[in-house]
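Shown here is one chain on its own, the form predicted alone, set out as structure tokens.
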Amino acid sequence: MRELHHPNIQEVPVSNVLHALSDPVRLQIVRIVAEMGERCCGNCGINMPKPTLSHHFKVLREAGIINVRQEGTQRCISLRSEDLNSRFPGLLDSVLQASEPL
């Protein structure tokens, strides 16, 4: 399998991060990973076609929000919380807190 590109967090503009988090499905993925820790891509509890879900993972990865690593035949995702907080202090926590269901 080919290695996936993960951008240097210092090169990621805040507009890319906010765009990625503006989609409800991607926000749900981030919330799940934030609450439950690293997850395999197929074990996120989101019921949608695999190509669509892969697209959402790609947008999050290219925005510097998630890290994707190969584990055998699975891909596992984790948040790049430390990277994001070093570049945009408190942004991810603020977005997740502001988007919590009432």
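Since the model is a prediction, treat every value here as computed from it, not as a measurement. In this text, residue numbers run from 1 along the sequence as written.
Omitted here: the form predicted together with another copy of the chain. The next part is about that form.
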(message) Checking a candidate spot here: are P7, K58 and T73 all in contact with another copy of the chain in the model of the complex (at least one heavy atom each within 4.5 Å)?
(response) no
(message) I'd like to check something about L79: if you look in the model of the complex, is any of its heavy atoms closer than or equal to 4.5 Å to a heavy atom of another copy of the chain?
(response) no
(message) Can you work out whether L53 and another copy of the chain are in contact in the model of the complex, taking contact to mean some heavy atom pair no more than 4.5 Å apart?
(response) no
(message) Can you tell me if V68 lies within 4.5 angstroms of another copy of the chain in the model of the complex, counting non-hydrogen atoms only?
(response) no
(request) Would you please decide whether I46 lies within 4.5 angstroms of another copy of the chain in the model of the complex, comparing each non-hydrogen atom pair? (result) no
(request) Note that another copy of the chain is not shown here; using its position in the model of the complex, name the residues of 20 to 41 with a heavy atom within 4.5 Å of it, in sequence order. (result) L21, S22, P24, L27
